[in-house]
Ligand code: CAP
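Here we start with a single chain on its own, the form predicted on its own, put down as structure tokens.
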């Protein structure tokens, strides 16, 4: 089988064997008819294959096939073949359409990823294979949970509106006793912070028993609320060795007497697995499900030849029902990332209609030209609350959670890059390294936000706010020291 492609009046032939030929249709025009999940890969083939041959092998392995034509195919099974419907050899991009009927009917995100970024990432026919964007049709979105308890719900509980949720990660990340951990929480909350999270390795260590940590955090939160007169939130890492232990931790937290809205369940979504994420979403729809993405860099770093983008990871987190996921600091903090990667991902999970790297994704479960849906898109663009009492119309928002090397001096720079205040920031050392301690670090963060809201440069605002002044002095010196080292 020979396929001809004309590019700028130059015709080129691509030979395919019969097996490969059943996974391509470059004249296919119905890929957005609601029956297909669409994916775009950056792909560099092995030297033994041309780009279309390699793309067909990827389509086969990630849907119905293997490396040879088999005699057990049926007319129906062929209809489940993924189809290469477009490619760009100069940019090494390949577009593949997957019949979403392939996937587990239970709204199973793990099952989708097993297909499209499963075995194919290990195939020797390619030297580079990176999934850079996906597109879900509205007919498919109907089958998936999406978030239940959202950032809007958290902000409503905290009594805040047009600003980020100000949070921290307790540092040192390990080694504090239960009482010491709760003390740091208390200092951050009484300094003005909203949100505290366990770090991703927090579990049931001998020096910090889980049950005692929960008990003491509850006591510290109660006292902080009494002192400040403001609500607070703590995100508990419930990741565990098995399902039963994970649920035991969730139930321990619920039984501790926390007010609904004052706690979140953090899950290490990649290392614990998508099943754990979706279990929490389905079992606890009234709780903020906090997706920590530990180990994501093995897949998402742009220089990696094999894997997927931050946008892809974040889209699947929203599909699975995570209330929020870490999306990176867009190069402003210490973690690897850029605005193109991190901000595209953040906007891709916040908006009802969002432009990705390749696709414009509508998160509507009804036709995108529906009048009510168009109205919701317009309201979303002007930051009105949407999908509160009409969640059948779309998948609710997923919050970007921003962490990794930020401090009060970098809050405004990140907001400027992000173009939104609709996120949770979790500064660790950015608060706890403050020369006057955690409470002063939290206060400096609040003052940095006040300066932003009042459109006053932080250096000027710091002249009458000593905590911010000390923070600027400390972190500016730290930056100079690291640059000269």
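Being a predicted model, the structure only gives us computed values, none of them experimental. Numbering follows the first chain given and starts at 1.
The same protein also exists as the form predicted in complex with the ligand; that form is not shown, yet it is the one meant from here on.
> Just give me the single entry in 283, 223, 375, 173 that has a non-hydrogen atom within 4.5 angstroms of the ligand in the predicted complex.
Only one listed residue qualifies here, and that residue is 173.
> So the ligand isn't shown here. In the predicted complex, which residue out of 51, 429, 421, 38 has a non-hydrogen atom within 4.5 Å of it?
Exactly one listed residue reaches within 4.5 Å, namely 429.
> Is there any non-hydrogen atom of residue 404 lying within 4.5 Å of the ligand in the predicted complex?
Result yes; residue 404 sits at the interface with the ligand in the predicted complex.
> Does the ligand come within 4.5 Å of any heavy atom of residue 187 in the predicted complex?
No - in the predicted complex, heavy atoms of residue 187 and the ligand never come within 4.5 Å of each other.
> At 4.5 Å between heavy atoms, is residue 152 in contact with the ligand in the predicted complex?
Residue 152: no, not in contact with the ligand in the predicted complex.
> Taking heavy atoms and a 4.5 Å cut-off, does residue 234 contact the ligand in the predicted complex?
Output for residue 234 is no: heavy atoms all beyond 4.5 Å of the ligand.
> Tell me which of 396 to 404, 225 to 233, 358 to 366, 116 to 124 has residues with heavy atoms within 4.5 angstroms of the ligand in the predicted complex?
Answer to the contact question: 396 to 404.
> Going through 195 to 230 from first to last, which residues have a non-hydrogen atom within 4.5 Å of the ligand in the predicted complex?
Stretch hits, in order: 197, 199, 200.
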